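A single chain, nothing else alongside it, follows as structure tokens in the form predicted alone.
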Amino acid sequence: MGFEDVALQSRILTLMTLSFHIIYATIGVGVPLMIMIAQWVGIRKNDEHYILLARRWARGFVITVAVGVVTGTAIGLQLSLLWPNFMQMAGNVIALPLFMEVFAFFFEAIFLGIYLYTWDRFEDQRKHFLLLVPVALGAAASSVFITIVNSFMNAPQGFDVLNGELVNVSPLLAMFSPAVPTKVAHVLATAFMTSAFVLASIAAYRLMRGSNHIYHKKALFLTMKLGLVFSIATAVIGDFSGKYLAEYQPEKLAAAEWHFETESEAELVLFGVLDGEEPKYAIRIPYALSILAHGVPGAEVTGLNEFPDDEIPPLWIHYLFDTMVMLGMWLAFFSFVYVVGAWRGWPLIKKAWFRWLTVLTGPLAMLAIQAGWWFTEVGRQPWILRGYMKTSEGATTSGQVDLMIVLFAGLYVILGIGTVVVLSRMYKRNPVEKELAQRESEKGGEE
């Protein structure tokens, strides 16, 4: 087996692991804030439905955290096994944020355990609510530190290179690279957005399946409002991300937009088919690429022809970029229609076809997350550490990667099926109506 084949297999296994892990990581970052907001609304309105909403979400969240620990451990293992040359070169730089990510996770896990085991132990719900603050902060901090590692790979700085080694490392300068502000903000906003839409999908599905309980209606309205807020935030941060790419990774932006010649008044190209260097059957928006890149319609945007052929990312990232953007725009538009319709009492939002579209918001948001991360990683190619080490140089030379792909694929299938089975059984055995009745009887007994 050739060296290039092993490098490709390493990339495939890493991509498979990241694609599976990102499902649980996104939920792990976003759901604590949703739980926190639901419980706060319940306390403010003295509404038992929102309190129960937080309680039931928290139970399901624990399952996803447990699986996320396994997949996160797999990523750490694969960093060393599949990319030993990269770790040898950059390990001393990324070790600090990786350690801090683990610390943030344990910080979150400790308070999550206390939160779960102290339900109904506080007469004042506000004291119990305070336990969620470190849970949400820990989840967010965990994503911040791991995104810092990814940012360093895209915009490395804070060191000198001596004989192929990174020396004189300045940890803080390396951690806070130019990529950090937009990447961290985008990761957090999309995690909150996706979690809101996933929870909205569940509520809409329960309504479609005949459970017309007010609990599900409240859950749907709350999560769709949150989805709207964070989808708008995602769009705004995405605009800043475009300007970051234009400044620091212009080849990635040019590849994403099939922009070959450096020119001003550059148009934005959506979808289409590439014929040589000419996009065909594409949707073209005049001046939009110049505005995305520099905020000015007449600004000059660097084209792909300015870069060596062996440093140009794969041009199929264009479809990943377009998928991410179009899904994000659709989710913002759809949630806006829903929220306005709910406020104005439009019968539209209660129709079956509209509810089914609501059910799709969660899967579509997760698909947008996947497209975004694929775009981020594939768009950095051919580099694993941009400007310093190519992906093929960082990979292992082991001939056992193909076996690892099979074994890890089997593990992820088991974990995925197990997650669905456990969550389904847990909620089927404790339907909302049953749990509300139990809580009412408990309160009656106390009185």
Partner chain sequence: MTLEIIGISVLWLFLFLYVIVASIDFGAGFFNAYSAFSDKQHILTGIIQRYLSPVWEVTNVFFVFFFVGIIGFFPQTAFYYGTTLLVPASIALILLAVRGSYYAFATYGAKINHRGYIYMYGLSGLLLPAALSPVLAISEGGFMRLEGGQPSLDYWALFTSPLMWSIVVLSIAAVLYISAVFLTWYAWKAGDEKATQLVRKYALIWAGPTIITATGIIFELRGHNPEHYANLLNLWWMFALSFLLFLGTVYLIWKKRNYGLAFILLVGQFFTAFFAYGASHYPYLLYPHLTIYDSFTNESMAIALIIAFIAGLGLLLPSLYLLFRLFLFDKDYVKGKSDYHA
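Residue numbers count along the first chain shown, from 1. The structure presented is a predicted model; accordingly, all values stated were derived computationally and were not measured.
Missing here is the form predicted together with its partner chain; even so, the following discussion is about that form.
Is there any non-hydrogen atom of M426 lying within 4.5 Å of its partner chain in the model of the complex?
Answer yes; at least one heavy atom of M426 falls within 4.5 Å of its partner chain in the model of the complex.
May I ask you to state whether L315 is within 4.5 Å of its partner chain in the model of the complex, using heavy atom distances?
L315: no, not in contact with its partner chain in the model of the complex.
Partner proximity in the model of the complex: F111 to its partner chain, non-hydrogen atom cutoff 4.5 Å
Because a heavy atom of F111 falls inside 4.5 Å of its partner chain in the model of the complex, the answer is yes.
I'd like to check something about T396: if you look in the model of the complex, is any of its heavy atoms closer than or equal to 4.5 Å to a heavy atom of its partner chain?
Residue-level check for T396: yes, a contact with its partner chain.
Identify, from the list V67, L33, I27, I384, the residue with a heavy atom within 4.5 Å of its partner chain in the model of the complex.
When its partner chain is considered in the model of the complex, the option within 4.5 Å is V67.
Of A342, M329, A288, L96, which one comes within 4.5 Å of its partner chain in the model of the complex, counting heavy atoms only?
If I apply the 4.5 Å criterion carefully, the residue I get is L96.
Which is the contacting stretch out of 369-377, 82-90, 181-189, 216-224, given heavy atoms within 4.5 Å of its partner chain in the model of the complex?
Of the options given, it is 82-90.
Thinking of T118, L407 and L415 as the candidate spot, does its partner chain come within 4.5 Å of a heavy atom on all of them in the model of the complex?
Every listed residue reaches its partner chain in the model of the complex, so yes.
Residue by residue through 154-178, tell me which have a non-hydrogen atom within 4.5 angstroms of its partner chain in the model of the complex.
Sequence-ordered list: V169, P171.
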